[in-house]
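The chain below stands alone and is given in structure tokens; this is the form predicted on its own.
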Amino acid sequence: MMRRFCSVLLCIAMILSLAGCRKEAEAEPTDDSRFVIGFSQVGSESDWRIANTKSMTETFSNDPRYKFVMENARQKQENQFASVRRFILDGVDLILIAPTIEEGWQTVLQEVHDAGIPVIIMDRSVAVWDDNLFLTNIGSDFLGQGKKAADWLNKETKGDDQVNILHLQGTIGATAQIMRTKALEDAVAEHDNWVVTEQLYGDFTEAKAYEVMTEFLRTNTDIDVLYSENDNMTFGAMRAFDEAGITYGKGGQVKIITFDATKEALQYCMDGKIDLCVECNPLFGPQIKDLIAQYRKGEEIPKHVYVDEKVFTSADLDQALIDAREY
């Protein structure tokens, strides 16, 4: 009888102990307590994009207050639409979109708006008739970047005879392509001696740029300036120049203007192979986090936020600066 009584006491003690453990576990934060962000990233087409993705994931994934869900659209807008609709069904708290191109977003953003989910557009922009469909648009001043490049080229070619510019374009319809193209075309219209001899489609990738440049250089080598809308396309063009025996950079036949200012491009710039790097800063994860915090507090946030960016020539660079670069 005494043994049975002790066994009963032991069982009661174990039950109480387990109940205590359950109570303690319930006090810990769960996934349901976190602010859930669905992120539709356009792809991984360039070093810039990879750095941008890293900035976003490190900013939110390391913070226990957030649950960060990212889907890679692989440069296809239809994949982004599918991702956004999944986020709606999952009932996320906020949706981030880095759009492939500007057009075509009205319907899906209206669906998000109807579901009561706030949206932040990042990097590129969207062309919608109602800008109440998103909270804010954060990214680069792409038109300003192109104007900086044109101002530099104006100083470099003042007094020159005809300047033949080869224009290497990124994804057609993307904000970066639209605005960097506009800046160049506006500048050409203001300079009687500037001529865009060709616009080649490089899709922001090194492989595509190498392909189209190799084909172009088989019959066309009269180039004074390469205006390339991102670093990866520039690297492909440089490889094509090397194979065609065309010199570039300081003292070369072709002046190179490139956009992004990744670590590799800045190294080429300091070494005299690229003349001008126009920065496109991908590290705006922390800024987006701040904007979300402001929104959650009920504070008003700007409709458009630009990130800080610079331009670089070899005179602006040293090895320590390049080695410390995060992208």
Ligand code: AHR
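Worth saying up front: this structure is predicted, and the values here are computed from it rather than measured. Residue numbers here begin at 1 and follow the sequence given.
Although not depicted, the form predicted in complex with this ligand is the subject of the following passage.
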> Heavy atoms within 4.5 Å of this ligand in the predicted bound form: does Y227 have any?
Replying inline: no
> Even though this ligand is not shown here, does K67 get within 4.5 Å of it in the predicted bound form, heavy atoms only?
Replying inline: no
> Does any heavy atom of L184 come within 4.5 Å of a heavy atom of this ligand in the predicted bound form?
Replying inline: no
>> Does any part of E45 reach within 4.5 Å of this ligand in the predicted bound form? Heavy atoms only, please.
In response: yes
> Out of the stretches listed (229-237, 193-201, 151-159, 79-87), which one is close to this ligand in the predicted bound form, meaning heavy atoms within 4.5 Å?
Replying inline: 229-237
> Which residues from 121-152 come close to this ligand in the predicted bound form, meaning a heavy atom within 4.5 Å?
Replying inline: D123, R124, F142
